[in-house]
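A single chain, nothing else alongside it, follows as structure tokens in the form predicted on its own.
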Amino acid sequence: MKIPRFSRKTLCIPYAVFLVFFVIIPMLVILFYAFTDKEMHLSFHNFIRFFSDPTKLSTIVYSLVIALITTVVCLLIAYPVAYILARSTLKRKFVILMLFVMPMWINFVLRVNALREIFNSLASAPGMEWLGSANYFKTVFGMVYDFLPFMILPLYTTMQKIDPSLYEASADLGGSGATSFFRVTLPLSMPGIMSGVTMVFLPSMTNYVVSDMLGNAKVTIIGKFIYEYFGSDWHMGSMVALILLIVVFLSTWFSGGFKSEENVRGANL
């Protein structure tokens, strides 16, 4: 009896099975429903129906704007935090990092509910009445609160790996602190920026729970459309999901998310 030999290709089998059952087959199902009608006949009616409806087009624009603002705000907050922690000489700086990560241990819905109660309490205070109707502001604030750790962690991990001797070489060559930042820190932290942007931008477009709970159900993003349609019309829901997938793919492509780390670093040094 011949004993099968173990090879490195055998390690690919679990991943291949996962890829087939949880990626390829669901994608084929979405494609099938997106381009068929209720009688299961080939049809482009859902595609035409989507792009002929101004409400759906404006929802995509709103989703992109909310996701973009959320990503920019998270980056502006997370970059200085990650930079300070990475360059700090504190022995217990991981404790500070843990303070940003700890909210992720709490249930997501509970955190959003707590934030909603805080906003409701503030809105009843004198001079803060405007907060009750500031639905977009509360939605973006909630998105930033939930996704900020996903921006800090990749930035901190990337900056932590930067060789300190590069800063010493920059100083020896007469470079100022600003020069060292723009010629050393910023280029070498680009992989972390790209990773953080991807981890924040993509879910911000579909996280309708935050927009519903904090925006008083008056802020509609594309994820809400998908949720509603899959409850009544799988064909239209699949088409919206497919269009969202294309938008996400193009956004990732234009932001350089498909580049390897070596290419990203080489393009910025």
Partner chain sequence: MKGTRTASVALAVTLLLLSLSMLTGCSGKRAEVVLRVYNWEEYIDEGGEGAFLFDFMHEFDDNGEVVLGADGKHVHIRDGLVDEDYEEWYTSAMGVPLDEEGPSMIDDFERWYEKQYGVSVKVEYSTFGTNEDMYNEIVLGNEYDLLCPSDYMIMKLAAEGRLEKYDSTFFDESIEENYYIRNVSPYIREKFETNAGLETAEGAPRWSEYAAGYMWGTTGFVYNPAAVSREELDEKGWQVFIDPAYSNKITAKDNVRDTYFAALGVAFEDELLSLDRTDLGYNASLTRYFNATDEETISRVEPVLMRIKDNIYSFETDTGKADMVNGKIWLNYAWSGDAVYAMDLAESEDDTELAFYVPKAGSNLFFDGWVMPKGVTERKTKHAAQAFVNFLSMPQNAMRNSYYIGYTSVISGENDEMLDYADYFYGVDRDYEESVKYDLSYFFGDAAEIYTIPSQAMDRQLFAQFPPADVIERCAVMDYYGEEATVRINELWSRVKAETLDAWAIIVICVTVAAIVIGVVAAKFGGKIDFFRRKPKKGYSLVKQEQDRGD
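Every value quoted in this text rests on a predicted model; they were computed, and no experiment measured them. Numbering follows the first chain given and starts at 1.
Another form exists, predicted in complex with its partner chain; not displayed. Remarks below refer to it.
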property: Heavy atom contact within 4.5 Å of its partner chain in the model of the complex, the stretch among 126-134, 95-103, 148-156, 167-175; result: 126-134
property: The unique member of Met40, Val61, Leu68, Val29 whose heavy atoms fall within 4.5 Å of its partner chain in the model of the complex; result: Val61
property: 4.5 Å heavy atom contact, Trp253 to its partner chain in the model of the complex; result: yes
property: Its partner chain contact at Phe35 in the model of the complex, heavy atom, 4.5 Å; result: no
property: 4.5 Å heavy atom contact, Arg183 and its partner chain in the model of the complex; result: no
property: Heavy atom of Ala217 within 4.5 Å of its partner chain in the model of the complex; result: yes
property: Stretch 106-123: residues contacting its partner chain in the model of the complex, 4.5 Å heavy atom cut-off; result: Arg116, Asn120, Ala123
